[in-house]
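Next up: just one chain, as structure tokens, the form predicted alone.
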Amino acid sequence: MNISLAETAKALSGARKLVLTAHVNPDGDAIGSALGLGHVLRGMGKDVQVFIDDDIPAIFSVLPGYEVIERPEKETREEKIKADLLVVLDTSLDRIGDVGDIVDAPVFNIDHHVTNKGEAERLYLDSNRAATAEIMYELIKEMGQDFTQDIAMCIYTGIATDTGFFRYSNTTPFTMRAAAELMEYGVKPNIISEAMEQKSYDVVKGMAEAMQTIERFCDGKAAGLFLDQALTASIENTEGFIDMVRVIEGVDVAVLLKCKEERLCRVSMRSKGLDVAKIADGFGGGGHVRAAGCTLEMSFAEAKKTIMEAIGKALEAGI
């Protein structure tokens, strides 16, 4: 059931114990939104836990509350966590991994992705917002809560990362006004951007290896980085890798394929014109028109062939 922002604020305000989660392969919007909302709810005296079923890149350790994020351990848990609400942020329910299996609570979904499948009992969706963190910014105001520096840092990071630090086409006047107000609460944009851009020596070396896998296809309209299981395992963090492909002259669609396990591959796509959300949706994924992703449960070779063919068909169809 779709609900309003006011109804969302009322439901969160009325809950006592909440579990917050976001999608696997979490980005700055997922993590920033979860941590920012967590700070707000704890400030209201509520019992809050944050679970994300994936590794959390160390670059996000700059965010207050980073250390409270837990990973669900379904196999070792004797009973489910009972809560008033399970709040799923920045994704539909099919991308939260094992979190749904360890929590016994009504599901509340807040998202900005047009591909959200609407499976939650209650859903607040605003696809006009550049980031779920923009919705968090509005929601905090609707709940009548004050911003703190900790909250502002988390929300700003979500907005900044999902807009490519205000370079992508989803950046709006609302985006800039929200970011400016958050700065008034003590956010230092240079600290956030430097933290997000920081890479370890090993990651930079890994990037050099990853760049050797670049392939152009579809007559140069698409290009990708294709990391097999061994190379994926050797690289701690691939944040920003796809941007190295996106800037190639003549390339409309950039893709990053990472083989996480023998038959589990993660796909990220960026585009300048093509609707990559439609491609991702065809594989059970989702995202934005210009940035989307999915998971392919197949071998590296199969996944590479599959995603290249799907991109090729989309480019040919001009969708």
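In this text, residue numbers run from 1 along the sequence as written. Given the structure is predicted, the values throughout are model-derived calculations rather than measurements.
The discussion below concerns the form predicted in complex with a small molecule, not included here.
Every residue in the set Asn25, Ala291 and Cys294 has a non-hydrogen atom no more than 4.5 Å from the small molecule in the predicted complex. Contact between His39 and the small molecule in the predicted complex is not found at the 4.5 Å heavy atom cutoff. In the predicted complex, the small molecule sits beyond 4.5 Å of every heavy atom of Arg129. Using a 4.5 Å cutoff between non-hydrogen atoms, Ser271 does not count as a contact of the small molecule in the predicted complex. Of the candidate stretches 282 to 290, 66 to 74, 44 to 52, 31 to 39, only 282 to 290 has residues with heavy atoms within 4.5 Å of the small molecule in the predicted complex.
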